[in-house]
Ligand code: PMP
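One chain follows as structure tokens, the form predicted on its own.
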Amino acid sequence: MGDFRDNFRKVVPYVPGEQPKKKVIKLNTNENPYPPSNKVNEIIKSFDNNKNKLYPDPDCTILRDSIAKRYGFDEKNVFVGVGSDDVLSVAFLSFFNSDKEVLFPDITYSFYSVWADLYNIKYRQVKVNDDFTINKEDYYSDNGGIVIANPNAPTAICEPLEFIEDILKNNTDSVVIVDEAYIDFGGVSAVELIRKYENLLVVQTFSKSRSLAGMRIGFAIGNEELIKEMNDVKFSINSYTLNQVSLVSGVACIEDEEYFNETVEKIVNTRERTKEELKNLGFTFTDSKTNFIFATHKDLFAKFIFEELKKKDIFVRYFSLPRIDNYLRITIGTDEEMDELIASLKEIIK
């Protein structure tokens, strides 16, 4: 007789950044250091709790409509899910079903390979250059789909829109997903290219620039056919994805464009100032267009710095992975948090 464990699905899961249980300076999971818009607080305070006894709208109509208007599309062009991870997971299930390999960089968001393994999708991780940039020509080969995070994580590098369009021009027979979790911090979104390329799906999130990581809201914009396919898959898994409060909070967040622009500007300014401070301490890094910096030090090993910072209750992200095991990913916090980081780094380096 066999063992029931023989039928377990064997996967290596994605490992999220550590969520410490005590009060620390938390610069390891790329959350926004500023609270959500006051409009979100107001909508939560006024929310009719009696509605929570009912299922939420399975079509998420009010949020899809709000996102569509914000980006100049129709509601039928928008899919929403429980964070961009949920959206990307559904996209993998929806579009990557051929015998051809799906292509994505070898240094990128590590959830891509997890989903591919989980869903038995063939894939190939395309090696990035030594400076972590991507060769667009590497994506000209026959494939079953392409996933590009732009800006990329953890490298923080953002490719220009022309780069993305070149990949689209050379891959009209497969779905190209552009994961734009960090686009608001310095890049140009590929959303407008959806009007030219019916195989393009752009994925974004409310977790970073919109301060709603705890609400878990992500969305995709694409042509109506792509969105319909994703909804068919979604309704085959779980009809009621976003809860009542998340739906109305997402709408309130979208409506406060002034606060959105204000907090993004704060983070960008703090990022640029922190770059100069780190440079003076002997760090080098990529030209970040995100809310984090991907840095290495000329003398000290990244793991050592990571451990010493942790002793001081400052958490950054360290990846024990080939090619990037001497880099730290440092989330941009408030000015005060970054000042404490720099002061601690000065002590460690000294």
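All values reported here derive from a predicted model rather than from experimental measurement. The first residue of the shown sequence is 1; numbering continues from there.
This next part talks about the form predicted in complex with this ligand, which is not shown.
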*Candidate spot 278, 294 and 328, all three touching this ligand in the model of the complex (heavy atom, 4.5 Å)*: no
_Given the stretches 241-249, 77-85, 190-198, 136-144, which is the single one in contact with this ligand in the model of the complex, using a heavy atom cutoff of 4.5 Å?_
77-85
*Would you please decide whether residue 153 lies within 4.5 angstroms of this ligand in the model of the complex, comparing each non-hydrogen atom pair?*
yes
*Examine residue 208 and determine whether its closest non-hydrogen atom to this ligand in the model of the complex is within 4.5 angstroms.*
yes
_Contact with this ligand in the model of the complex for residue 234, defined as at least one heavy atom pair within 4.5 Å: yes or no?_
no
*So in the model of the complex, does any heavy atom of residue 182 sit within 4.5 Å of this ligand?*
yes
*Only one of 266, 216, 124, 100 has a non-hydrogen atom within 4.5 angstroms of this ligand in the model of the complex; which is it?*
216
*Which one of 163, 73, 260, 109 is close to this ligand in the model of the complex, taking close to mean a heavy atom within 4.5 Å?*
109
